[in-house]
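This document starts with one chain, in the form predicted on its own, laid out as structure tokens.
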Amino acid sequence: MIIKILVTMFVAFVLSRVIFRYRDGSMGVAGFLIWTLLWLGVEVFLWVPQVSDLFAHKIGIGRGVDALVYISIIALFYGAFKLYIKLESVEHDLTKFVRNLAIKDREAKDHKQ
């Protein structure tokens, strides 16, 4: 029972951060909805574990915990992939920016001479 209370406190903290990020504009509506639904889902599965069993049987998996683990692993791999793509994009943009800055710097030095 104590773990349920601790997890609920953690979820409340995370949801407060989600709401804060949404209000300050650093998170869009889609991100707000996805994260809110995810953490509320954690609470539902925590306090009413039979829901996860029903969900698991609907997708053809024997136990609810197994289904949650499988889905979590898939979501983590997808998140890692998205982060990798974003990192590649940032590296590309940074390279382009530095290259253009170097060209402008060189042109400015050439004009001074």
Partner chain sequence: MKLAIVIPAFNEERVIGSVLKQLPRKLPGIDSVDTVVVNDGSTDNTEKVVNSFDVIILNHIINRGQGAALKTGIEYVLQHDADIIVTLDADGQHPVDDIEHLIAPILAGTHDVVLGSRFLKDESNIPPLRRGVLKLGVIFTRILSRIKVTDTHNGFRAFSQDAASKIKIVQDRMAHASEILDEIVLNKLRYTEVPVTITYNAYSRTKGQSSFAMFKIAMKFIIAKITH
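Residue numbers count along the first chain shown, from 1. None of these values were measured; they are calculated from a predicted model.
There is another form of the same protein, the form predicted in complex with its partner chain; it is not shown, and what comes next is about it.
Asker: Name the residue from L37, L54, I85, V29 that puts a heavy atom within 4.5 Å of its partner chain in the model of the complex.
Answerer: For this set of options, the contacting one is I85.
Asker: Any chance W47 has a heavy atom within 4.5 Å of its partner chain in the model of the complex?
Answerer: The answer is no: W47 has no heavy atom within 4.5 Å of its partner chain.
Asker: Verify the contact flag for S16: yes if a non-hydrogen atom of it lies within 4.5 Å of a non-hydrogen atom of its partner chain in the model of the complex, no if not.
Answerer: Close contact is absent here: in the model of the complex, S16 is far from its partner chain, nothing within 4.5 Å, heavy atoms only.
Asker: Is D24 part of the interface with its partner chain in the model of the complex - any heavy atom within 4.5 Å?
Answerer: Contact with its partner chain, no.
Asker: How about F81 - does it come within 4.5 Å of its partner chain in the model of the complex, if we only consider non-hydrogen atoms?
Answerer: F81 belongs to the contact set for its partner chain.
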